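Listed next as structure tokens is one chain, alone, in the form predicted alone.
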Amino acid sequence: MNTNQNIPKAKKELVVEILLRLADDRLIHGHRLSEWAGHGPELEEDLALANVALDMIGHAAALYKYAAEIEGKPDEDHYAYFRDDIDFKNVAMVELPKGDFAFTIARQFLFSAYSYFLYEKLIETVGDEQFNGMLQKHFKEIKYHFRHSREWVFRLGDGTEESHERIQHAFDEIWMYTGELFSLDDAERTAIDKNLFVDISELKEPWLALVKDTLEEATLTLPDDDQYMFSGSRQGKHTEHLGHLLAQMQFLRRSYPDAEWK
């Protein structure tokens, strides 16, 4: 199948936009999780975080590959290694420094819960067969990511005094970055009209209810949802942390752009 020829130009641009938003979230988040390799609090968790990181990067690679087919790019490496920070479309939450273990778990839980509701809806909505097939495959792993992080929220929140304080502080610190998860822009509205995306603003209520129930069971307090919310990352307005991350991640590939990796 020649994907590049079978999709009209206007629809092609929308499909690529949605693919890149999903992929960029997962590539950057996966990179942050990979920074825990060899540094986990215990061997089993060290391996678990590495596996989740591999899942995330694998999801991103598959999404990038489809985008490359549609746009006629040589391969998925173009999106991961040869774009600047302003071109990335990930939410700011995933680019924040890895912090301590509590911060990593809090972020993983909030993002996995969001991904659970998002992919569940996308699978029901997206008519593109290849795209939908990827979503279904990735959804199985997202369910594990969600369960794993949620169990750790319980352990840390209802654990020692220090673990409780650390994860409460992590949720308080991250919360200002959750707003843009559910903020619609013009590109997404157009994609919704063509059954390529879903109204993410409708996902906030079930997501918030799940987060609230989880935090209460973990003896934690839900942060104030009326506080200032960071925005603009989907349009390239990132924190200073993304540039540093990309400089490390892209350095070798950009230094030897014509190398064949075997």
Partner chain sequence: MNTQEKLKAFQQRIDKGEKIEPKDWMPERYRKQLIRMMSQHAHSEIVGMLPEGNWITRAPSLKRKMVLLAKVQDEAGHGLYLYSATETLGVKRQNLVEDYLYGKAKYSSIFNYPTLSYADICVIGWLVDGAAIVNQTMLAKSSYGPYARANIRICKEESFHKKQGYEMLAKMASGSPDQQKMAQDAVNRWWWPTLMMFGPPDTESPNSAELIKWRVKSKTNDELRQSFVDRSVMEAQAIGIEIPDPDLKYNEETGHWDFGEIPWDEFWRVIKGDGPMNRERLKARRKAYEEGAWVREAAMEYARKKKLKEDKAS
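Keep in mind the model is a prediction, meaning the values are calculated, not measured. Positions refer to the first chain, counted from 1.
Not pictured, yet referred to below: the form predicted together with the partner chain.
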In the predicted bound form, does each of 38, 77 and 252 have a heavy atom within 4.5 Å of the partner chain?
yes
Contact residue in the predicted bound form, chosen from 51, 235, 195, 221 - any heavy atom within 4.5 Å of the partner chain
51
Of the residues 185, 84, 124, 100, which one places a heavy atom within 4.5 Å of the partner chain in the predicted bound form?
100
4.5 Å heavy atom contact, residue 119 and the partner chain in the predicted bound form:
no
Does any heavy atom of residue 58 come within 4.5 Å of a heavy atom of the partner chain in the predicted bound form?
yes
If you check in the predicted bound form, is residue 34 within 4.5 Å of the partner chain, heavy atoms only?
yes
Report yes if any heavy atom of residue 44 sits within 4.5 Å of a heavy atom of the partner chain in the predicted bound form; otherwise report no.
yes
Only one of 66 to 74, 200 to 208, 25 to 33, 226 to 234 gets a heavy atom within 4.5 Å of the partner chain in the predicted bound form; which is it?
25 to 33
Neighbours of the partner chain in the predicted bound form among 144 to 163 [non-hydrogen atom within 4.5 angstroms]:
152, 154, 155, 156, 158, 159, 160, 162, 163
